[in-house]
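Before any questions on binding or motion, here is one chain by itself as structure tokens, the form predicted on its own.
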Amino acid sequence: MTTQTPVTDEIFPKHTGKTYALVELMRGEGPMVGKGPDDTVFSFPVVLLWEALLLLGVTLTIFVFSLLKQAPLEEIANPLITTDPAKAPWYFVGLQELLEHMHPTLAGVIIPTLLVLFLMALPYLDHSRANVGVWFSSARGRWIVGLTALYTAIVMPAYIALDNAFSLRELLRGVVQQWVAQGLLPGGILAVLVALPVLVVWRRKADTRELMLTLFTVMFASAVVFTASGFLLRGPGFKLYLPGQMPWWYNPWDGL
């Protein structure tokens, strides 16, 4: 004689102590089916579609521009004649301009390293999830970026012009040590110019996001100013010329 072991339901056990019941299972669509959190869009295909359109638009713009404007190619390089001035590629012209104002180690190594480290540290400095993905974060952020960019567009050209007219490395040559005249003083002046808008925003009870916006705007606008100065305003001997004062045989404005 055999005894059959009763089958127990491990998922929905039948006993009087349970506080739940399986009423019904049915196919259907709820109001949140296929939807994400509020104020979000799907990266595929919505964002991917916009990125593809942007890629095609930029490619078309470059293609049309290359048909309308010929590249200003010069004659074959002569190894016996050095180009005056020997400028770096456009993406390094800003650093070359910076070299005119301070020691090469500071302009070519320390400052670029600090900028790269700042960009790498941004996600760890500003880890707030408020207004993530929103341009400038808020209306106040737009004002901060606009006024900081305006400040940089005024102060940095003034710094270039004043240092070109009264060069610290020449005024203090033989008076103080080289690392002071070419490193400490110009680096300190540049640090003060960068810190001023940050201090003003901080005094306005700014949060971390707004402080990072200020620092990034100063960095980006300064890079644009130094690149434009090195490309458009530096002539023979890498001297500073106004657009109307550039020698007729060397005028980068003609190539635009």
Partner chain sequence: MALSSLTTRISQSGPWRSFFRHGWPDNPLDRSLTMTSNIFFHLHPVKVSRRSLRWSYSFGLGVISAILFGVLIWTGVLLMFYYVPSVERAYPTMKEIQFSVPLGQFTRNMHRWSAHAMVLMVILHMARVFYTGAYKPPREFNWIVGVVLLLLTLGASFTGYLLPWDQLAYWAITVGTNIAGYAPVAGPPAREILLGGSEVGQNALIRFYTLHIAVLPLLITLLVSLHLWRVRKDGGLAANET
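Positions refer to the first chain, counted from 1. This is a predicted model, so every value here is computed, not measured. Between two forms, the rigid core is the largest collection of C-alphas that superpose within 1.5 Å.
Another form exists, predicted together with the partner chain; not displayed. Remarks below refer to it.
Shown alone here, Trp143 lies farther than 4.5 Å from the partner chain in the predicted bound form, counting heavy atoms only. A residue is said to contact a partner when one of its heavy atoms sits within 4.5 Å of a partner heavy atom; Ser137 meets this definition for the partner chain in the predicted bound form. The closest non-hydrogen atom of Gly183 lies beyond 4.5 Å of the partner chain in the predicted bound form. Contact between Arg173 and the partner chain in the predicted bound form is not found at the 4.5 Å heavy atom cutoff. Interface residue among Leu147, Ala88, Ile111, Ala161 relative to the partner chain in the predicted bound form, by the heavy atom within 4.5 Å criterion: Ala88. Shown without its partner, the chain has Glu51, Leu54, Leu55, Val58, Thr59, Ile62, Phe63, Phe65 in segment 51 to 65 as residues with a non-hydrogen atom within 4.5 angstroms of the partner chain in the predicted bound form. Once both forms are fitted on their rigid core, the CA atom of Thr208 lies less than 2 Å apart between the shown form and the other one.
Once both forms are overlaid on the rigid core, the distance between the two CA positions of Ala195 between the shown form and the other one is under 2 angstroms. A change of 3 Å or more separates the two forms for Leu53 and Leu213: their C-alpha atoms lie farther apart in the predicted bound form.
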